[in-house]
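What follows is a single chain, given as structure tokens, in the form predicted on its own.
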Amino acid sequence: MTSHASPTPTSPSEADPARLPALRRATVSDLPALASLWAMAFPGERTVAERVAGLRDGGPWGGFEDCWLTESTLPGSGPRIDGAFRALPLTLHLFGRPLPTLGVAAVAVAPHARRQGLGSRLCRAALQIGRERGDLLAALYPFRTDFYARLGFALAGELHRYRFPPEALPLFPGTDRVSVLAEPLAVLPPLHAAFLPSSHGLVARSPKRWEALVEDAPMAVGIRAADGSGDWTGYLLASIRKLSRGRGLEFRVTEFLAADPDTYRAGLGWISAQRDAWRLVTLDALPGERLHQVLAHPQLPGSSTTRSLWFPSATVLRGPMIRILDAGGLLERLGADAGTRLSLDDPELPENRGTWQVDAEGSTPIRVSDLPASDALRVDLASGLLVEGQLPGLRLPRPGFEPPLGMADFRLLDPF
């Protein structure tokens, strides 16, 4: 396991590529150097001063308490940070089940320590921290998918980005139940929390996370139930921007959740009814929403046919990657049936490698072998099958899981 003590002073070039780096948690005194490292690794997002303030005071994803770093000392100089990452404690809902999840974020290597395998070793150390903390899964947004696939992560889910004029949507009934929210923070957090038990991919959110979301998407629209109860059953988060060359306004939907088909259609009808307010709508839909069957003509505006009699439609968006951290704990949490057997090949986490088996109804899965069987799944393949509900021997979704609109598409909406 990774050492959590201060590292022995060494040059990064002396590190064994197969050995995990010595880590320590960040302290207040590290914040300026950490902020500088992340501003260099992720330019244009926030200034160094903004990063320091967010880490010190606690931002949407917490403060410096979840930041880890490794450092070295050169002769004649003090310690310097070689690399860092954030190990965020998330609760991700998979087929409606809340699962403790490691959010791997802000993996960065200092310029003087690059091309020495430190980035991979930092990620392996993060996986170990997640397992020790009790996390069952790990999630991240990749800078390059093949890099994280080698570490056992699999792409999970997709969104289809449609761009269309609002009149391409029908004027569905129910627009009278839709209104712009004057106080979105009083409505949205409890409504989002109510969606979690029937969601696949949503992450529980803190108050600070909600404040940041509302600030980034200044238009919040609530949708009430069709039964006349007055209950909120859906919402839109959106922003409005000017199109180039004076071509009007674009309404960009960043989040759209609905509890039932009536709520979903009411939201679409409200967007259509605003056709005098904006010229273009951008909406990211799950494949199961089948938005292409609703739009009058789902061709991307301004595009031509790229193949005879075919036309470009939605842009496919891929982003989050998921990884199994604790196979036994995951089988137990998801309620694996008696007789379930799962064999994993996991080079990065020896504790996760081997064959897991559920012997009796309600029993705890046990590892019957620490060696993978001949038919073992690579952990990246198993992780992808898990999200799709196709993991061998595990019946998903379980009885009682009823996703909104009858969909089980994976939707991790929160960038971290």
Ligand SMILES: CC(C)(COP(=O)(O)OP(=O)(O)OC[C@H]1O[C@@H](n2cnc3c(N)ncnc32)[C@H](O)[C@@H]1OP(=O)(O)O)[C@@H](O)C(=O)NCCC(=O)NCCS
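All residue numbers refer to positions in the sequence shown, first residue = 1. The model shown is predicted, which means the values in this text are computed figures rather than measured ones.
The form predicted in complex with the named molecule is left out here; the points below concern that form.
Though the named molecule is absent from this view, in the predicted complex it lies within 4.5 Å of a heavy atom of just one residue from R318, R114, R241, R290, which is R114. Put simply, of Y141, F172, W232, F195 only one has a heavy atom within 4.5 Å of the named molecule in the predicted complex, and it is Y141. H297 falls outside the set of residues with a heavy atom inside 4.5 Å of the named molecule in the predicted complex. F147 belongs to the set of residues with a heavy atom inside 4.5 Å of the named molecule in the predicted complex. Residue contact with the named molecule in the predicted complex: S272 places no heavy atom within 4.5 Å of it.
In the predicted complex, the named molecule sits within 4.5 Å of a heavy atom belonging to A41. Figure note: of the listed segments 172 to 180, 147 to 155, 276 to 284, 333 to 341, the one touching the named molecule in the predicted complex, with heavy atoms no more than 4.5 Å away, is 147 to 155. Annotation for 228 to 260: no interface residues with the named molecule in the predicted complex [heavy atom within 4.5 Å].
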